[in-house]
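We begin with a single chain expressed as structure tokens, specifically the form predicted alone.
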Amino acid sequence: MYAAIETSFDETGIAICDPEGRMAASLLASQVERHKPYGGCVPELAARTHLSDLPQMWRQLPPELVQQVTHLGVTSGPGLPGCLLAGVNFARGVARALRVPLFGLNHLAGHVFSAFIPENSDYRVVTIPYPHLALLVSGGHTELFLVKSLTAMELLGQTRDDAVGELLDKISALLGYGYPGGAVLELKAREYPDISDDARYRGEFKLPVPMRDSGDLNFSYSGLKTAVLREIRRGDLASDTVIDAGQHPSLLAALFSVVAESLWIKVAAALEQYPAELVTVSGGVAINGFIRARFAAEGRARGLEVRFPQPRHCLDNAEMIAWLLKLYVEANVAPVPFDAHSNWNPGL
């Protein structure tokens, strides 16, 4: 059995994966409600909560499963330093108590390979093709990788400022919908009727597609945030006048359409340089239905396979870390240092 601990941000996760890839146990404690009053994650509060939650959650695991654990993995980066240390130090104690090897695992690699986790009810042998492209979109990351093997990932492009998830949270705050923003903004955008099944918007708001002609594979969303703010304040950034709430669905539909377009443009450009038959899209923002619809349509048009993780594996979770650990052990990848690395890109 492969056990894993995830504490990179504000979710405390513990999971146990069996040798065939089925999740034998999975526990997740969300801190969203704790951080909501502050409009975002408070690092010290998140770290203290991990310290409190981890021992309680570990005691909830069935003893017969714990006794079968042969390898333990822990997210050791990237993430918030205090949160990572909480998980790493707890994992050290568990590994010593169980007398099993401890693997330090990369949170971003966990997201990338989460697209291949099989459904427990429909287990099948999973073959991961290489090379393939992996787009990671979350609250803290917007990155594009060329995945050459299980342990070799080349960073092709990344955001120069805000990640997509940050953009959505900031706009949610501007419109008064609170934190976190992604899900509530999508629900509001779906009230707008004039957007196609592949997330193409037709309406009054004209938002720029960021980095369309940059000539590279990088992303940027601070300018789009300013453009949305200008629309909210009717063209005057210094004005206190804001658009009517009845216009929010149209504006948000325009926003999601532009975000999906900006992501696809970079993936399409990467495919020209690095031909591949598979693209994966993972991370918390990969739950978004507009992005899924646009990528699915583009994939069908090109004869390209596009894979998304199951929704529960898009957000931070320990199942993806346990799955990554299983893949590493099967591939005879040696344990790597498990000190906390707040800025650790996979394969770099």
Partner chain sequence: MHLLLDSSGAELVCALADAEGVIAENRLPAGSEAARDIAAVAGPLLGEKLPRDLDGIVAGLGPGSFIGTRVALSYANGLGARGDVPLLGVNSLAATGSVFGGGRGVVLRDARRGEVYCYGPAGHAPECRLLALADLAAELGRLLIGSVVIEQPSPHYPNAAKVLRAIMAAATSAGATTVECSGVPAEGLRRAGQAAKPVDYLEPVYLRGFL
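Positions refer to the first chain, counted from 1. Note that the coordinates shown come from a computational prediction; the quantities given were computed from them, not determined experimentally.
This protein has a second form, the form predicted together with its partner chain, left out of what is shown; the following refers to that one.
Shown here without its partner, the chain carries Ser52, Trp58 and Gly82, all of which come within 4.5 Å of its partner chain in the model of the complex through at least one heavy atom.
Proximity to its partner chain in the model of the complex, defined as a heavy atom within 4.5 Å, holds among Val42, Leu304, Ala293, Leu27 only for Val42.
When its partner chain is considered in the model of the complex, only one residue from Ser222, Ser214, Thr151, Asn89 comes within 4.5 Å through any heavy atom, namely Asn89. Residue contact check for Thr70: none of its heavy atoms lie within 4.5 Å of its partner chain in the model of the complex. Taking the partner from elsewhere, Leu315 is found to have every heavy atom lying beyond 4.5 Å of its partner chain in the model of the complex.
Although the partner is absent from this view, Ala245 stays clear of its partner chain in the model of the complex, with no non-hydrogen atom inside 4.5 angstroms.
In the model of the complex, Ile287 stays away from its partner chain, with no heavy atom inside 4.5 Å. Heavy atoms within 4.5 Å of its partner chain in the model of the complex belong, among the stretches 185-193, 93-101, 137-145, 170-178, to residues of 93-101.
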